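Let us start with two forms of the same protein chain, each given on its own as structure tokens and named structure 1 and structure 2.
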Structure 1
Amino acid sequence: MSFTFAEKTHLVMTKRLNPYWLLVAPAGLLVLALYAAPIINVLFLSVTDPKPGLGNYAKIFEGDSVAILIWRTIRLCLITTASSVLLGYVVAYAMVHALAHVRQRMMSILLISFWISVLVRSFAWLMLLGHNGLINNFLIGVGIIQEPLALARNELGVLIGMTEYMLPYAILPLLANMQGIDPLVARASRSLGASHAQTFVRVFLPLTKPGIIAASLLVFISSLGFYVTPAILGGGKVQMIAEYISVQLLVTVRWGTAAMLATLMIGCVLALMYLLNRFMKLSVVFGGGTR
């Protein structure tokens, strides 16, 4: 049975093109246009405002202010990532080994935290950590300290607020990874004479490395864009890239500098998202492939 050239072309296109893509093509094109146009505009402004060239990018090496800002942002994000992943690992480990009804309650509490605004959380932490906050008043009341501790309007307050907000984002990929580990592996290790500590260090912990890496990348990526928490808990003393971009746009009206920093953030996020997808599928990171 012979086919004409047009029929062969139609068969090849039918095999390669999934018809379901036609259903999402209009929405995909709309999203692409809405996202691509602003990003292209940002890239264009970073090399044309106030004059064409790479002058905006040269500010990273010419002055100390932008370099210090970038280093502060990276440092706070790294500390937030380390603390969130460490605490998230403990919580995820407890959820995996908890009873079914306890795990469901813990998951409910975890999901509820996503519905609380970051603005509400920041003000709540300000009430707790402030000079006359609940924590300082309690410590002074029981006689542990004589003067209030500086827990807010500094980097410590920012780190506490960022860690609390990013904790669920660390728990989910770790939980997804841990639920994929066969419990028979740990049982086999203990049956061969290994203690619980040895089983955890030599068997369970290595198997959770993909989850740790995925959680670390996800938390770090999300931490780069923090704006409200540093502005409130930092008291204007702890400025990160997102807040600095806002100042450049609304106060000093230096759009080129703001576009340059935004471009760096976009490039960093895309690179880290690529690494994240290499270690764990993004659907699994958000719980899509758990059992």
Structure 2
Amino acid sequence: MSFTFAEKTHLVMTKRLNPYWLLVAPAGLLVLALYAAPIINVLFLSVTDPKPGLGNYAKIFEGDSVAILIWRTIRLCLITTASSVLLGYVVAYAMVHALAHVRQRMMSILLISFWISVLVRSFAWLMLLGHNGLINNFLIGVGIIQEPLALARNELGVLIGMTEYMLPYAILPLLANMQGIDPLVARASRSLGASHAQTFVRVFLPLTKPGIIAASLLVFISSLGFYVTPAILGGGKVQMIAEYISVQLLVTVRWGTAAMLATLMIGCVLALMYLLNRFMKLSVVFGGGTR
């Protein structure tokens, strides 16, 4: 498998291989051997473990539990997508219309929150929303409520945590899209007699459709795999696919079922990613979207 340096050089000379391939090779081979191969291995397990066949996939239709799990995951991801794209739209809109230094400040906030650990953020929300959390204690202390509100350890808590986490993922593609819109278009609409509201609904909103689609796809794709937030804010009651997979692996040791769910998830993610790439170059999305 491995070549000595001389052999490699020889190979390069004879095949006229561009020497820059040698720079890509180490990372490429590492990802191939220790990442892509194990992933493919997992996909295979879905049709080979415990016995060859489509038995694992049949589980979706036998009994309700797996179907309910898949439906719950999709439903929570859709709500998260809708709420974070809606809120993100407001932020992105304000950002493109803000003065440069204000926009810079907003961008810093976005990047800082983007990089704060999901663990810390979920924990912070638990401290705020929990049964004895700061919000409940405050509301009881002030006398607005007598009984603590159920804000965490249920779907509401999970949705709050997921939406907050996903906001930057919604804002960045929207921002990239909105920054590409010529401000003169809106001004032309205004000077032709349209009101602010009309200009927004008839001119600006249609122009941001690619951004809305890209942001929705990106948020939905990223939410599908949520593990930490539902585990902490759902308190074991709001299980999504990722947490279910971990139970299958670590507690009941059923690789087949877990691999089947992983295969469905990865298929869904890659298909949507392909779609996303048609609306907006992935490099724009992942690069922070300001070029």
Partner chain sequence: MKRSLGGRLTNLAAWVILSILILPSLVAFPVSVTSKTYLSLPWEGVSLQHFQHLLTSPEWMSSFGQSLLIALVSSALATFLGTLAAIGLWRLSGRFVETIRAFLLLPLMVPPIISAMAFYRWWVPLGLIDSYLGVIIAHSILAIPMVVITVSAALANFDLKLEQASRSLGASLPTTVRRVILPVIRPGILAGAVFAFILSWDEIVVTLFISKFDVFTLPRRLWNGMRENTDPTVAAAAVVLICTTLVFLIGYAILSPKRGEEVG
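No experiment lies behind these values; they were computed from the predicted model shown. Quick note, the numbers are simply positions in structure 1, starting from 1. Here the rigid core means the biggest group of C-alpha atoms that line up within 1.5 Å when the two forms are laid on top of each other.
- Annotation: structure 1 represents the form predicted alone, while structure 2 represents the other form.
- Remark: with the core as the superposition reference, the CA shift of residue 141 between the two structures reaches 2 Å or more.
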